[in-house]
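First, one chain by itself in structure tokens, the form predicted alone.
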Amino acid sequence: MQRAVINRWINFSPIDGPGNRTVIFFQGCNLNCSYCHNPETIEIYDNKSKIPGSLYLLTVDELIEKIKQNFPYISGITVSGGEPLLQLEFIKELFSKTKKLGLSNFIDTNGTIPLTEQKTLLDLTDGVMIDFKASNSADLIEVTGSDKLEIIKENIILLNDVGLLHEVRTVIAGGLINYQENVVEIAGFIAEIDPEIKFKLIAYRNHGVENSEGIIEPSTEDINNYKKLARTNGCKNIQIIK
């Protein structure tokens, strides 16, 4: 019987995929992003018998029981984190059951878990939102502490090919890396695949960040200029979150 460590869930969210959705935050992440807004979800608990009392250790049926009162009011669920695909077998079982209940299944991922051999998961998935935090290995290490650049690119190409790529997202956090160069390169990569892929530029905000020293919130003018850069480099479907 599959069990997962769950940090929390939001009963209703209009911003984590299409429609009104219940968002489930899985515990554990394989990255350590400088600007992480959910730092409490990073730690991975291998010994699940010793998880803190603030977390939930649940079977799929137990999780569904806790959120089933939302089902008449939502179009689906979104799994987030942390990195939800670290608990992939649980998510496959969850998606199988929520699909039978008439709900759509979305994944919010950092893109570092290879999906090329995950046909069963993809068949149960309706859309994926994937982070593209930096366009080159050095900057990706600077932002996340890890270099998974090729896996992220491969996942974006695959998800677009199978019609599951809902959006690509980049957080703009001044003071970390050269975002002019990164937006140009990420936009060019996206546009080469399909100029109509939704490219979401998110302005970093320091609320909830454990160590925000040296990280700068971009201005509205900054974000608008990045949008222009993305458009100039081929992206046609750009959304900015200020």
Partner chain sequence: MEEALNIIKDGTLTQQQKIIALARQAENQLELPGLTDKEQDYLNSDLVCDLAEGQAPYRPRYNLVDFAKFMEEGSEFLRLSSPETLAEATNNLIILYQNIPSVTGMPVYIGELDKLLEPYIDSSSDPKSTIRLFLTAIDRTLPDSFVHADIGPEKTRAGELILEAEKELANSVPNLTLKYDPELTDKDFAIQAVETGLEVSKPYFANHRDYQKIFGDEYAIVSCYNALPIGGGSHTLVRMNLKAVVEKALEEEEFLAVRLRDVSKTMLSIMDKRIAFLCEESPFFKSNFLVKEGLLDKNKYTAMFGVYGMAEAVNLFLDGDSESGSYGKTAESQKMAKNILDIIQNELNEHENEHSPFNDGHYLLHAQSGIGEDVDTSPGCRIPYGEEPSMPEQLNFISPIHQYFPAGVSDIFTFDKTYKRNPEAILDVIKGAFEKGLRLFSFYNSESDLVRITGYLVKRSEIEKLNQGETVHKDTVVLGRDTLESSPEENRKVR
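Positions refer to the first chain, counted from 1. Being a predicted model, the structure only gives us computed values, none of them experimental.
The discussion below concerns the form predicted together with the partner chain, not included here.
Using a 4.5 angstroms limit between non-hydrogen atoms, residue 220 is distant from the partner chain in the predicted bound form. In the predicted bound form, the partner chain sits within 4.5 Å of a heavy atom of residue 72. The partner chain is not drawn, but in the predicted bound form it has no heavy atom within 4.5 Å of residue 224. Residue contact check for residue 20: one or more of its heavy atoms lie within 4.5 Å of the partner chain in the predicted bound form. Shown alone, this chain has one stretch from 72-80, 114-122, 150-158, 135-143 that lies within 4.5 Å of the partner chain in the predicted bound form by heavy atoms: 72-80.
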